[in-house]
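First comes one chain, alone, set out as structure tokens in the form predicted on its own.
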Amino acid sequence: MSTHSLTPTEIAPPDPPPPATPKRRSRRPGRHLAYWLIAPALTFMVLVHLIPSAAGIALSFKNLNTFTFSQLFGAPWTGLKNYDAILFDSANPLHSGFVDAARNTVIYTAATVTGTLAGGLGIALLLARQFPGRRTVRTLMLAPYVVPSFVVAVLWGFMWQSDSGIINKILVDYTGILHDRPTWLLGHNSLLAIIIPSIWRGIPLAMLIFLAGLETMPRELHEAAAIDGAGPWRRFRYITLPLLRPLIAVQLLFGVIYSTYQFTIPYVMLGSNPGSDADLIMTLIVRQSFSNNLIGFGAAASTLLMLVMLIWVAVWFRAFRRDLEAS
């Protein structure tokens, strides 16, 4: 009888079957639902923002005015002529008008944003303290913000009246600060006449945002600094202000954009042609586009304004990127 020795290959158990290829996971049904949910918003953005913006840019390269308006998109192509008239043609009155409006817009935006942030922060610091009737005072301070811009412009328009306005009565009749009644809604004072109501209406929102930041600020930092001998100013400068920096950044971004595109208050108070002293970019664009029917010029000015705002947003992101990441 012969004996057969098993080889190691025969002793070893058979190789396990290869793992089954995992079946392709079916897409989650919620993914399609997400697309359907955002579809209305995307459609709205395309119809309301992208298509009008593209149409405005296209019109800025055409000579669309009263005589060519019936052609609309078939108006004569002028290339960069509208941009040249705005930026470089000093003999063109449209150029001087745009320069005046750009200067006034920069002054208006800088003054409005600075006044709004400073006023909102100052009032928020006061209302963050404990005192009787604090909730009532907080509620009353929000009143200017709930008033529509149109109503604000009408109210301040009456208050700025030279003969019957309450401001001249206070400055001239009641206190004697001024001897003559200045004209606020015409001439050099007209820019100041639209800056102050804009600040007045913007302060409540800034105050509310700063107040929320102050309420969530850890009190231990101020208490420790006070124990170390830091006074109120040093605590504000080295603790409060750095912690409020992200809120200041966000308000600065939206404040500059909102003020640059401000139209209601200047238009209602001063009309469509406020003169070179108070004409803003938006009132200039609306007047040239729809009163003088220079739609190509208005489209070019709008495109330039959009580019300036995009540059501002890029500069803002670069300046406050660390604050946004830290927050």
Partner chain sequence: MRKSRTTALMAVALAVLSFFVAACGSSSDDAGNNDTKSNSNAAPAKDLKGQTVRLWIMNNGPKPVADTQNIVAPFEQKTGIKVKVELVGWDVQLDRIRNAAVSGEGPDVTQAGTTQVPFFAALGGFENVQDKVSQIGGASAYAPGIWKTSQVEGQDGTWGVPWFTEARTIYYRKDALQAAGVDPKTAFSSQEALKATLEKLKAVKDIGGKPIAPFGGPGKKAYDLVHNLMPWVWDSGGAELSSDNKKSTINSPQAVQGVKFATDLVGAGLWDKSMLERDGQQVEDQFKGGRLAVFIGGPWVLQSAKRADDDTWSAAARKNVGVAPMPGGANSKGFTFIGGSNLMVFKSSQHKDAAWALIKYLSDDKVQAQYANLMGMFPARLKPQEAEGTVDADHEAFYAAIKDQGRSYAPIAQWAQVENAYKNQFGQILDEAAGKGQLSDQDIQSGLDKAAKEADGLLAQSAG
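Positions refer to the first chain, counted from 1. The structure presented is a predicted model; accordingly, all values stated were derived computationally and were not measured.
Below, we refer to the form predicted in complex with the partner chain, which is not included among the displayed structures.
- Using a 4.5 Å cut-off to the partner chain in the predicted complex, each of Leu42, Pro76 and Pro93 places a heavy atom inside that distance.
- Using a 4.5 angstroms threshold between heavy atoms, Leu270 counts as touching the partner chain in the predicted complex.
- By the criterion of a heavy atom within 4.5 Å, Thr183 is counted among the residues contacting the partner chain in the predicted complex.
- Among heavy atoms of Asp163, some come within 4.5 Å of the partner chain in the predicted complex.
- Contact between Arg31 and the partner chain in the predicted complex is found at the 4.5 Å heavy atom cutoff.
- Residue-level contacts in the predicted complex: of Pro144, Pro232, Gly187, Gly122, one residue has a heavy atom within 4.5 Å of the partner chain, and it is Gly187.
- Look at 155 to 163, 249 to 257, 199 to 207, 218 to 226: in the predicted complex, residues with non-hydrogen atoms within 4.5 angstroms of the partner chain sit in 155 to 163.
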